[in-house]
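Below you'll find only one chain, the form predicted alone, shown as structure tokens.
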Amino acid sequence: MTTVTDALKARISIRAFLDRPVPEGLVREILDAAKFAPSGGNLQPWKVHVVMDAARDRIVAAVKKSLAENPFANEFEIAVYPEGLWEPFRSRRFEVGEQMYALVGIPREDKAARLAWFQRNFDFFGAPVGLFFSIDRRFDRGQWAHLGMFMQTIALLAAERGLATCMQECWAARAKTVASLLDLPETEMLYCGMALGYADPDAAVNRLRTARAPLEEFVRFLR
């Protein structure tokens, strides 16, 4: 039996998925279990928009069209990273990027190939299911934290069932386009997406396992 610890250690960001459908019933099962994630005051502030089949393809096609027509459009409503990212966070971000591109054989100087690889984000890396997460604009940081806990719960439940995920903040670059395609009300803000499917075991990029800092870097014990 898969434990929570097993699922947590098995979960990585998968960037290559098999062309294998995920039954809607399985997606519903995961989300029905994830609803028990904690939230302050039991507000349950999350909204999930599941795109599959033709709906998934329509969104992918529309976003790719938007990127091609206006690649420099700024649709960000929230920053993915703060400006002037400081250490050790700057180095961690740089390291994972270099590790990923090394696995897929794209050198730093090949900017076009790196951009092409990045744009695979907007195809959910080939995953058959995409999840988009939104939240009411009136909520504050606490509710955003609860949304994050809900997303982590989904990822762990997926790992328990042999599925893989990739949380994708990249969709914020086309937040307005996606919000329109999902017909979100003005009161809802799109946060990010998540790819869901079966990992391609032969894809080199799926061998990427990012390092984690030792406890001494982020834990204090006070007695």
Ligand SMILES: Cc1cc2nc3c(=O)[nH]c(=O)nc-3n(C[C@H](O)[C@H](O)[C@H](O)COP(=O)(O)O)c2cc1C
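What you are looking at is a predicted structure, and each value in this text was computed from that prediction instead of being measured. One rule holds for the numbers: they count along the sequence shown, beginning at 1.
Beyond the structure shown, there is the form predicted together with the named molecule, which is absent from this document and is the topic of what follows.
Checking 22-30, 185-193, 156-164, 44-52 against the named molecule in the model of the complex, the stretch whose residues place heavy atoms within 4.5 Å of it is 185-193. When contacts are judged by a 4.5 Å heavy atom cut-off, A73 does not count as touching the named molecule in the model of the complex.
In the model of the complex, the named molecule lies farther than 4.5 Å from every heavy atom of A16. Within this chain, A203 is remote from the site of the named molecule in the model of the complex, having no heavy atom within 4.5 Å. Contact annotation for C170: at least one heavy atom lies within 4.5 Å of the named molecule in the model of the complex. Contacts of stretch 73-100 with the named molecule in the model of the complex, defined by any heavy atom lying within 4.5 Å, are made by V96 alone.
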